[in-house]
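Next up: just one chain, as structure tokens, the form predicted on its own.
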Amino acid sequence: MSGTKLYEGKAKILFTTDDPNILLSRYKDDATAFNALKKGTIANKGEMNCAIASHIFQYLEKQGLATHFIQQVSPNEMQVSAVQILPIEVVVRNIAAGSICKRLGLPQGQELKQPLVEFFYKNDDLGDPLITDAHVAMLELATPEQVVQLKKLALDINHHLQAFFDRCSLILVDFKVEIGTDASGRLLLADEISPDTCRLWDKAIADPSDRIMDKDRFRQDLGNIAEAYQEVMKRVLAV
């Protein structure tokens, strides 16, 4: 049973439980883009993303990566370890898409020679700006040791997710993760891994619009959004 609502974000609500070290994360059907300037609803998104994230968290745990996931307790709810989220969004890019194309003039779909790790300041009022290691240090968002750990963890997650999604016949273009610290100071992968936080392209489709299987369908008004999420869930749960 859920207790007091601690926090409500764009995609999830966090509740207390009887154990102060365990929270309940409830996934919502709400969809937002462009720092919540665009809002909508995707039918059954909460249940689909919860199922996808639960499965992927368990896969990553088996690969030796620590996550906040404990167990899925309902179609749209999971128990997670209570963590203090670092105010840094960590993005890993394998293929140029989205904001990096605008910032650096890269053509959409260009494969990067090696995965690129970027940090963004988690601050909605500022539009989550891109930041460097020096900014992280200046703002005291993380220690130098944590910055090194964040980059390594991000690349490890990317390595395993690329292999996983390849088995799903999906290309992992890029993804965003949030990392938190538990009571002992250990870094844990938190938030979610889903079509909300990953760019996923269908390996079998060449058309730039038709191959999109993630929230870009909502951002770009491409239609068939719920159907794309449903297909991703079907493939993920089959692996």
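Predicted, not measured: the structure shown is a model, and the values here were computed from it. We number the residues from 1 along the sequence you see.
Keep in mind the form predicted in complex with a small molecule is missing from the figure; the text below concerns it.
Can you work out whether Val91 and the small molecule are in contact in the model of the complex, taking contact to mean some heavy atom pair no more than 4.5 Å apart?
Yes.
Is there any non-hydrogen atom of Asn44 lying within 4.5 Å of the small molecule in the model of the complex?
Output for Asn44 is no: heavy atoms all beyond 4.5 Å of the small molecule.
Thr197: heavy atom within 4.5 Å of the small molecule in the model of the complex?
Looking in the model of the complex, residue contacts with the small molecule include Thr197, since a heavy atom lies within 4.5 Å.
Contact with the small molecule in the model of the complex for Gly98, defined as at least one heavy atom pair within 4.5 Å: yes or no?
Yes, Gly98 sits close enough to the small molecule in the model of the complex that at least one of its heavy atoms falls within 4.5 Å.
Pick the stretch from 98-106, 80-88, 137-145, 154-162 whose residues have a heavy atom within 4.5 Å of the small molecule in the model of the complex.
Of the options, only 98-106 has residues within 4.5 Å of the partner.
Just one of Tyr27, Phe57, Phe175, Trp201 has a heavy atom within 4.5 angstroms of the small molecule in the model of the complex, so which one?
Among Tyr27, Phe57, Phe175, Trp201, a heavy atom within 4.5 Å of the small molecule in the model of the complex occurs only for Phe175.
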